[in-house]
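This document opens with one chain alone, in structure tokens, the form predicted alone.
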């Protein structure tokens, strides 16, 4: 079984993001493998190991620097990687079309993994569009997965602690959530091995991408500024504790 994992090269969440020309970010920062994709990779490797003869292929659409993310994926256990080179950004509609074309050119997917979202755009659209193009069932924010002979059983987490179990025919698309597993991070030996492994590079113009029927465009990027107003809480210890509890209930809404 060929197991494809769609991974994304994203800015480090700890980096300072500077917006330029109101539509792009300054890319002179650290980029890395999307954290949710680490869960997808870990699960793909687990499924591969339970099904002899299977292989895990990491697929990424991005600039030349995105090869680092492919190699990170291989260090985490992917057997090989495919980088689709592009110098421009793509919306989820184009991205899904490109990923589908690259996967079909490479082989026949028995299972496709993604993270439930990317930490940069947070659109949560690509996996659904990919499933629609392949006509595969899709489930996201998966917290438990069982692959049987001809089907998959997946527990998906929803807000409010609700968990729903889905039964899907194979092939299908799985959007990995944080609750699915604990990512297995690579050893030094894994990293060295991944540096020597070949990465298949595809040039976007060489792929016969069908024209998109719709498109989305970033109109403007606006930095999110958090305005915090400190408030002094006075009184006895008991009064202060009661006020804090009230704030957590009424304002923060965490209890």
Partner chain sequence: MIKHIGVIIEQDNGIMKAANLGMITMARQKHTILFALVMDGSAGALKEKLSSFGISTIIEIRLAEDFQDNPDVRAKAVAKAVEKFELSALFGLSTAMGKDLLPRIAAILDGSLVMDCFDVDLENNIAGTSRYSGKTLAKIKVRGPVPVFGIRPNAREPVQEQKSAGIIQFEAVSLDSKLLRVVKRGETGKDSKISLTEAEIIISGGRGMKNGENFNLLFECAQKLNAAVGSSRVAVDSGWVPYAMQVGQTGEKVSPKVYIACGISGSIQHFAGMKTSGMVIAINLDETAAIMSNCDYYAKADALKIIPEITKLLETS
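Small disclaimer: the values here were computed from a predicted structure and weren't measured. Numbering follows the first chain given and starts at 1. For clarity, a rigid core is taken as the largest C-alpha set superposing within 1.5 Å between two forms.
A second form of this protein, the form predicted together with the partner chain, is not displayed here; the remarks below concern that form.
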item: The partner chain in the predicted bound form: contacted by all of 14, 178 and 241, heavy atom 4.5 Å; value: yes
item: The partner chain contact at residue 192 in the predicted bound form, heavy atom, 4.5 Å; value: no
item: Contact test in the predicted bound form: residue 53 vs the partner chain, heavy atoms, 4.5 Å; value: no
item: The partner chain contact in the predicted bound form: residue 223, any heavy atom under 4.5 Å; value: yes
item: Heavy atom of residue 107 within 4.5 Å of the partner chain in the predicted bound form; value: no
item: Proximity to the partner chain in the predicted bound form (heavy atom, within 4.5 Å), stretch among 215-223, 40-48, 65-73, 194-202; value: 215-223
item: Residues from 128-156 in contact with the partner chain (non-hydrogen atom within 4.5 Å) in the predicted bound form; value: 128, 129, 132, 135, 136, 137, 138, 139, 140, 153
item: Shift of residue 237 between this form and the one not shown at or above 2 Å (CA, core fit); value: yes
item: Cα displacement of residue 25 between this form and the one not shown reaching 2 Å, rigid core superposed; value: no
